[in-house]
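Just so you know, structure 1 and structure 2 below are the same protein chain in two forms, each on its own as structure tokens.
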Structure 1
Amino acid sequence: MPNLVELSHISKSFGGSLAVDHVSLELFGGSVHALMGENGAGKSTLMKVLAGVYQPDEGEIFKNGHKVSFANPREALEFGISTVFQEMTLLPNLTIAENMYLGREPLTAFGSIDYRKMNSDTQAALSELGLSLPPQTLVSGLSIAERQFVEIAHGVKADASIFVLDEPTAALNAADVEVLNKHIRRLRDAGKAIVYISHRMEEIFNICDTVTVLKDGKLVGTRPLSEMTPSSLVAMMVGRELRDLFPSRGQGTNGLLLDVKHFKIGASTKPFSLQVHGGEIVGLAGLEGQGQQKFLRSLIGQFQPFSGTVAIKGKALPLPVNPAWGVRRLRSMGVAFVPEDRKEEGLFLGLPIAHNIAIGLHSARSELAIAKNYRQLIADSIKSLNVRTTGPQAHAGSLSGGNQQKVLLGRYLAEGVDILLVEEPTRGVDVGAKSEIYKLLRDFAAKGGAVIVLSRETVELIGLCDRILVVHGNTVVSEMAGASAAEQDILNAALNAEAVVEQE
């Protein structure tokens, strides 16, 4: 079968560092091709070359055997290459139709933009994907999932034959992922070639048929997924096995640090209790939006639970917590909360790493106190976290996702707290950094700290946690030991919650 697109010996460097090093890739119609590798392996750069965002330093792109080149994404789209990037590329203040036609708007005989044609064609393209959004809707009014579907419709509309999806599911919930998969299968069955970038193993094996692995900008290999297993794929990506990803479990526990009793998230939900001891990592598992996050966020006051008592190291935390000082209050009791979205809620991307680490220490002191520079502490942190950076003055935004996550975690570790509440410790983080973050959390626990981890990735919870609590319907429905838990058990518990006797 002839290939649809061939990338031949593509190289691209940024300021001396080679991001993509002579990588070749063939894409075939009717196939979903996974592109994998740690963050910084060159996946996004390679795809941006294909999409016309970057011009390759070396190498050629062939479409149906003909050499092509694009100055910008619009030109790439005209050659049939449509890309849905991680970052939002739609313009929020334009309508769906205007976004779809931006840069090549149809004109009427009088030289005005032909809105009637734009809207009706857009309507047709949307309904082809089974979307019932009015084309005059402003994009700012759409959910993230809807925006991604609009971008896909954009490609369908332009009659693209290659669709590149760069981490499309990073911000989607389970239901939207299912809808997205449906669209991807439909495109595949229509003979399109799809490139799918994701860090989530389950998705890769669920939807893709071929995988190409990059490492440090170089091609490791291309294999049919039927020959691969998750652990062999990880081995290919990092050169080691999945079980090596997680540190060994804790050696027993000491005192009770967090004691939650008769906790009711809503008025009519079942109460639950949970205890976390020093030295252990407890995971909260469950389907999307079942109350895991509400529980954690009620401790910092961002959610108001119905009732319950919370004791931290024996001291009661009165509920509900005032959101204005919830985080500071917890901090003074020795608890740190690591939010899920490091870019929006966690880091100051425009500030140096040094500030991002020290800001927790600064905020614990009086507003008008003369700021210490914490230079040694920051240097030690960066070293112990193994943050790959040019120095403490580099902006947090310039780091890769994994290093950003390490800096975020480092801020709370530097504060010297006893309890860590961590949401999604490794979202959008590559395998190598994941392993380092797991080790940081385990080291923290080994020194007597207690950790609660909330994660969507079941594999991560099983590998990392000592105990796993499955949450469903705003209450804890099951508890299992991490060492003996299986993915299937957790899923069953989460799905058949009603059948499980409540823990009490």
Structure 2
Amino acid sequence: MPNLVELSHISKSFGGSLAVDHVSLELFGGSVHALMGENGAGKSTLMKVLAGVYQPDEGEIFKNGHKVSFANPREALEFGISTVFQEMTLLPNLTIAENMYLGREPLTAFGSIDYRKMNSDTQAALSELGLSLPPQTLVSGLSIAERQFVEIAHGVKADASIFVLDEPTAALNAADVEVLNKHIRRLRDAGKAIVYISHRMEEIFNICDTVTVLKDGKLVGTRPLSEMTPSSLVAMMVGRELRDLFPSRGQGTNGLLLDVKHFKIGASTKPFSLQVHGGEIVGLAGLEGQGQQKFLRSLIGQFQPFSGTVAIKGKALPLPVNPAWGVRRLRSMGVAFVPEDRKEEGLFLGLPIAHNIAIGLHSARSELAIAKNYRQLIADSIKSLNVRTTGPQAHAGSLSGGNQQKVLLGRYLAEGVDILLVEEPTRGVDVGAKSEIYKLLRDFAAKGGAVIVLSRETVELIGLCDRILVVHGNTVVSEMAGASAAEQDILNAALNAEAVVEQE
């Protein structure tokens, strides 16, 4: 089949930094083409050139053999190129339907916006992806996963011949990923060309036919995936073999740090109990919305559970936690909460790395205390975390996803907390940075700390955690050792409502 799009010798610079350096890429109809590389490799920049967001400094774009150029994303869409960007572009103060039709609202015969048609068509598009969200729902009321699926529905709905999906599954669980893959296969079978950017290796080998790897803005090569293995692909990306993505598991546990008893998320849900000791990493697994996040956020006051008791290092945490001081109260007890959305809830993107690390140290001290200089501690943290940056004064927003995540973790590691509550530790992070983050968490546990991890990536939980608790219906339904757990075991427990057993 002839190529639909050819990018020929594309280059793009920002200031003195060359983000894409003479990269060529061909996209064929009826094919899913993986675009891979570490964060900062130039993947998103190259696709934004194709989508009309950026204009190339050098190079040309050909569609069906004809040279084209796009002044903006709307022109690219009109030429049949639909892009779902990694950075969510939905406007939170508008409804789902208003976002889907933004800038191209249908009109009635009287010239007013036809909301009935907007809502009806949006409902149909959402239903195609298995979503039952009302079109009139404000985007601000959606979870991250729901927002990502709306973004995907927006792109899939467009009648385009080329689809670019930039990290489409970063906020999706395994069941949602399979729904998305079903529609990607449908588009592929209809002769469309799909570019798939992801750091999840299993997805790449499950859905893609061909892979192109970029490194430091340059083209490393393009290969059929049938000729590749996960190990050889990782080596192609990072320039070295990652013999062991996950560090060795813990050698034992210390004292009890977190003790949860008879915890009920809702009035009609089964109670559960759990204990976490120093030296171990415990994972929370399960399908989206089954209560994992509600439990973690109960501890900081962002969700109000029905009942239960929580003790941290033997000291009771009164429930429900007041949301006005929940995070600060936990920090005073030696517990840090690392949210899933590091950009909205974790980091101050407009402030330097130094401020983002030191802010936790300052907030732990009295308002009237004399300010301390943490310059050396910050420098040591940046070095130990292996944050790739021009210096501590670089803004956090200028870093790649993996380096941002390391800075966020570094804030709490610098404080010397005892317990880490971590949501999605490697969301949107490349394979090299993932390995570094796993090591940071394991080193923290090895020094006597306790970690609770919530992740949608089952392989991540199996490789990283000492124990895995499967959550279904707002309660823990199964517990298994990470060393012997299998993906199928976790999925079976997550899907089997009959397995819910009340824990005394």
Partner chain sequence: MNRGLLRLLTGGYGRQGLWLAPLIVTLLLAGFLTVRTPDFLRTENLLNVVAQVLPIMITAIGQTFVVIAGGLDLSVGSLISFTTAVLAMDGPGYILIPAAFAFAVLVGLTNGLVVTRFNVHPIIATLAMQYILLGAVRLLRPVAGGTLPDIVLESVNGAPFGIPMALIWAVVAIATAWKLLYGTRFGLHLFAIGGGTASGNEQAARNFGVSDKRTMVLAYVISSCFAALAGVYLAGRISSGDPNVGLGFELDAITAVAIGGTQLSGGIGSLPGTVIGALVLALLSNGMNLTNISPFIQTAIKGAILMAVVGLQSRKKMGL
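Throughout, residue numbering runs from 1 along the sequence of structure 1. Here the rigid core means the biggest group of C-alpha atoms that line up within 1.5 Å when the two forms are laid on top of each other. These numbers were taken from a predicted model, which means no experiment stands behind them.
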Name the structure that is the form predicted alone; the other one isn't. 2
Residue 116 C-alpha moves between the two structures by 2 Å or more, core aligned: yes
Honestly, after the rigid core fit, is residue 73 moving at least 2 Å at Cα between the two structures? yes
Do you see a C-alpha shift of 2 Å or more at residue 485 between the two structures, with the core held fixed? no
Shift of the Cα of residue 56 between the two structures with the rigid core overlaid, in Å, rounds to 4.1
How much does the C-alpha of residue 202 move between the two structures, in Å, given a rigid core overlay? 3.9
